[in-house]
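Have a look below at one chain only, the form predicted alone, in C-alpha cells format.
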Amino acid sequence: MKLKVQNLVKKFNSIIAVNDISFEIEKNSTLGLLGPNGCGKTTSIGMMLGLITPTSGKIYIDNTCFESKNRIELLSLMNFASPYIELPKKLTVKQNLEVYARLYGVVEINKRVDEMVEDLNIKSFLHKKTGELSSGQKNRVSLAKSLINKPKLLFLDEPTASLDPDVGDFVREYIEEYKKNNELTILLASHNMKEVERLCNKIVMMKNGKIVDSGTCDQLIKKHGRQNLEDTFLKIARSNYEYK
C-alpha cells in the first residue's frame, strides 16, 4: 500500500504539535520518521492510524482519502507496534493474540497464531500473562500482534527500544525477512540510527512539529558533511537548520 500525507496539521489548543507536514511512502518501501522527543512523530503516527483527528490536511492510502467511506476497510489492512502501548496485562500472550486476531477479522485464527508463535519464538512464554513478561518478550509479542492480520501497511514506533543488542538484532532481522517475503509498506519511528540505516529506503526528519529534511540516508549524510546518520541527526537536532 502507498501512503501519502498532505499538509497535515494538529493543534492542541494553542500548541501546534504537527505543523503542515507532507511526505509519501511508496508501496513495499520503508520510510524512517526521525526527530528528537516531542517533535511530533507519535502524534503524526496517531493521525495516520485514525486515533487522532487532524486539525487540517489529508491522508491518502492507495490514493483513497482516509476519511472516506472505506475507512474501516483501510484500517483492516493496517497495524502497528509500540513498546509504549501495553497489551492487556492480565491476559496471557496467547489470549492477547487471539483477541486481536478476532478484532482484525483473521479467518484461521489458530493457524495464524501458531505461525506468529513459531516465527517470533514466543512459545516458551505463550501461556504467561503479558504483564509478567520482560521488555524483550513484550516487544516480540507486540510485533506478533502487529502482524497478526498480515497488514499491508505497518507502523513501528521504536520497535527495539530498551532491548539488549541480541534481541534487538533478532527483531530487526525478522522485520527484514518478513518484508522480503510479504507485500508490506512500513513507517518506522526510531532513535536507533543504525537501525534506520539498515531498514529504511528513505527518511524524513522532524523538529518542532515540522519536516526539516528528507532523503536517503546516504544523501543526508553527504549533504550535511557527516560520517554517519547519527552525527547527521545530532547536527540537525542541535542547529537552527531549516529545510529548503
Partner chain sequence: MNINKIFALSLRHLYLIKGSFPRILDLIYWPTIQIFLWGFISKFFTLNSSYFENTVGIILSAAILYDFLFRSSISYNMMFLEEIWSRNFTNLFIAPIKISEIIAALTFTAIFRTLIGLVPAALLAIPLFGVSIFKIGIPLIFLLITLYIFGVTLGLLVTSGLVRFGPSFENIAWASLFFLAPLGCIYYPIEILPDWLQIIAKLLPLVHIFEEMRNVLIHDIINYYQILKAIIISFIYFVFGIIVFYLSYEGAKNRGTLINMGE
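Positions refer to the first chain, counted from 1. If you're wondering where the values come from, they're calculated on a predicted model, not measured in any experiment.
Beyond what is shown, the protein has a form predicted in complex with its partner chain; the following relates to that form.
| request: Could you tell me which of 195 to 203, 182 to 190, 30 to 38, 46 to 54 sits within 4.5 Å of its partner chain in the predicted bound form, going by non-hydrogen atoms? | output: Stretch with heavy atoms near the partner: 46 to 54.
| task | Could you tell me which one of Leu126, Leu87, Ala161, Leu133 places a heavy atom within 4.5 Å of its partner chain in the predicted bound form? | result | It is Leu87.
| said: With the partner left out here, check for me: in the predicted bound form, does some heavy atom of Glu98 sit within 4.5 Å of its partner chain? | reply: Although its partner chain is absent here, Glu98 would touch it in the predicted bound form, with heavy atoms inside 4.5 Å.
| request: Look up in the predicted bound form whether Ile72 has a non-hydrogen atom within 4.5 angstroms of its partner chain, and give yes or no. | output: Heavy-atom contact with its partner chain at 4.5 Å: present for Ile72.
| said: I'd like to know if Lys111 sits close to its partner chain in the predicted bound form, meaning any non-hydrogen atom pair within 4.5 angstroms. | reply: Because no heavy atom of Lys111 falls inside 4.5 Å of its partner chain in the predicted bound form, the answer is no.
| message | Is it the case that Asn79, even though its partner is missing from this view, gets within 4.5 Å of its partner chain in the predicted bound form, heavy atoms only? | response | Yes - in the predicted bound form, heavy atoms of Asn79 and its partner chain come within 4.5 Å of each other.
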